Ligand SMILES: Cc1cc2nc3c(=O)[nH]c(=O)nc-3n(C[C@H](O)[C@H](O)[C@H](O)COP(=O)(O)OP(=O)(O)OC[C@H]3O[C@@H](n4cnc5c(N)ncnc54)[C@H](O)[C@@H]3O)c2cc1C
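As structure tokens, one chain now follows by itself in the form predicted on its own.
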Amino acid sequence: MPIDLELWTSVFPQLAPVLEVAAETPGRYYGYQTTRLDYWTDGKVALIGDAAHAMCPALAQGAGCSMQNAWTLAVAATAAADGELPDALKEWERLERPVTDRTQDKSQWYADTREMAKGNQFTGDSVEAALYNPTDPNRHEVHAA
């Protein structure tokens, strides 16, 4: 806020009447909080989703990160031999958590700075989680930077 009426009506001309009214309406901004645990795993237990890594919706990647983490957790847990689950879960977290942490940071940055209001910012490192392929066996090499 305030709404950049020229920008938004140029992108969405069909919404111009609604955007014009919205631009004149006093707005409110509610802050968001990011949940960051010290660790996601303990023994044979692992947390994912908002319980482990809630993030503000600025990038719309909270559910995506949750699903990616659920997929890779299921793969890691299934591959673990009896008695090796705690170590497998720690290794899963070590490998998968960095993408989620970076996504939380970027999402919080957009919420704090309101930079997203300047227009579509879904480029570069802002789309890392959206482009992350949990089924790619080389995903950690690609995203290690």
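Predicted model, so just to flag it, every value in this text is computed and none were measured. Throughout, we count residues from 1 along the sequence that is shown.
Separately, the form predicted together with the named molecule exists; it is not shown, and the next lines address it.
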| item | value |
| --- | --- |
| Location of the named molecule contact in the predicted complex, chosen stretch of 74-82, 101-109, 35-43, 53-61 [non-hydrogen atom, 4.5 Å] | 53-61 |
| Contact label in the predicted complex: Gly49 to the named molecule, heavy atom within 4.5 Å | yes |
| is_contact(Gln68, the named molecule) in the predicted complex, heavy atom dist at most 4.5 Å | no |
